[in-house]
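The chain below stands alone, shown as structure tokens; this is the form predicted on its own.
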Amino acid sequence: MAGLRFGLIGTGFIGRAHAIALKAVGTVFGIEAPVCELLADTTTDSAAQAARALGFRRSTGDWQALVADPQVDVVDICTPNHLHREMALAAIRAGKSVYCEKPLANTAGEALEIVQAAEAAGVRNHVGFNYIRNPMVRHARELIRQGGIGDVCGFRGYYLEDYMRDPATPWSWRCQRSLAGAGALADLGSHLINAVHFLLEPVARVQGKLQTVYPVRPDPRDGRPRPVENEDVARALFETGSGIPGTFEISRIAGGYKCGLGFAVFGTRGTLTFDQERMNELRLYTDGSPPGERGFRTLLAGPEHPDYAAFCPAPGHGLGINDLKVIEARDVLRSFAGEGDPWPDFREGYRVQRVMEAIEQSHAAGGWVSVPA
């Protein structure tokens, strides 16, 4: 992984998160840091300003020039959803490794095109699902795999936020089908689906219902009503391949929730619950306590849990959201160097996209829909 040279496309919230992680990963994990070589944004001036702020050597207002640059080894895509396909395919044709934020594309067809191109070209690839990097989520998976709660017999998952709770919130690209694909399902639900695949196994069939609570929003240019073309809320029943049942609830208008990604995993001998708003805690219930002492225990994140010790030697101090991106950056560097597990790769991004589309198809058809293998 020595000295991989990154070209970052996009300087919004997620682009800044990637840049922070690329600058910190060497210090945190004691490995050779990647080179922040080239940054691309929509204009030459904005790119130059962002490059100075984020610590990149050079900048450009042309993402295609970044992809073609011989000094770039990894193309890091942090742009709105509809740009992922074109940028990923261009990077693959250039023989570059590709690190792309979720969702991989706007449709399953586009995602499959990216997967097939990457596999045919033999380029390394990775999708940015950061929440599964949480040490407590990884600890939950180990408890499940070790039989700590017995055989899994159910899953309840939710991802609730309120960033579009106010009907006066202006229309944005996230409301347009051609730019964002699905709404809450793509923005939030993709993380939740990936978490099920990480903790348990792939989703095999779904029955879903979508709801657009606010069908119009004010255009930020003139205030006129502009149609919202995707859903505010998605709900679904699902089953995994081995028959584990579960539920999803996803909303971008859930008042009071800021990053309400959570789950409960029910087993024959116990239960695990997690809430990303309390991301340094995992709650565990196991059978066998005497009467009057039966209930959940709260496990606090500490150096005994995966990757926590690299940040802090003492338990209970806690990690933050950018720390999850630092862990992700370490995993990306390892996989691109052929030294670690490449998952979640583009094929996982495609699997997640298939589940999202199956939920949409189920809403339209009014029944259960199988997720293509």
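Please read these numbers as outputs of a predicted model, since none were measured by experiment. Residue numbers run from 1 along the displayed sequence.
Below, we turn to the form predicted together with another copy of the chain, even though it does not appear here.
The partner is absent here; in the predicted bound form, the one residue of Leu299, Ala117, Ala94, Ala204 having a heavy atom within 4.5 Å of another copy of the chain is Leu299. Checked against another copy of the chain in the predicted bound form, the residues Ala65, Ala48, Cys312, Ala337 give one hit for a heavy atom within 4.5 Å, which is Cys312. Although the partner is absent from this view, Leu54 contacts another copy of the chain in the predicted bound form, with a non-hydrogen atom inside 4.5 angstroms.
In the predicted bound form, another copy of the chain lies farther than 4.5 Å from every heavy atom of Gly3. Shown alone here, Gly256 lies within 4.5 Å of another copy of the chain in the predicted bound form, counting heavy atoms only. Another copy of the chain is not drawn, but in the predicted bound form it has no heavy atom within 4.5 Å of Asp219. Heavy atoms within 4.5 Å of another copy of the chain in the predicted bound form are found in exactly one of 168-176, 95-103, 266-274, 74-82, that being 266-274. Residues Pro315, Gly316, His317, Gly318, Leu319, Gly320, Ile321, Asn322, Asp323 are the ones in 315-337 with at least one heavy atom within 4.5 Å of another copy of the chain in the predicted bound form, listed in sequence order.
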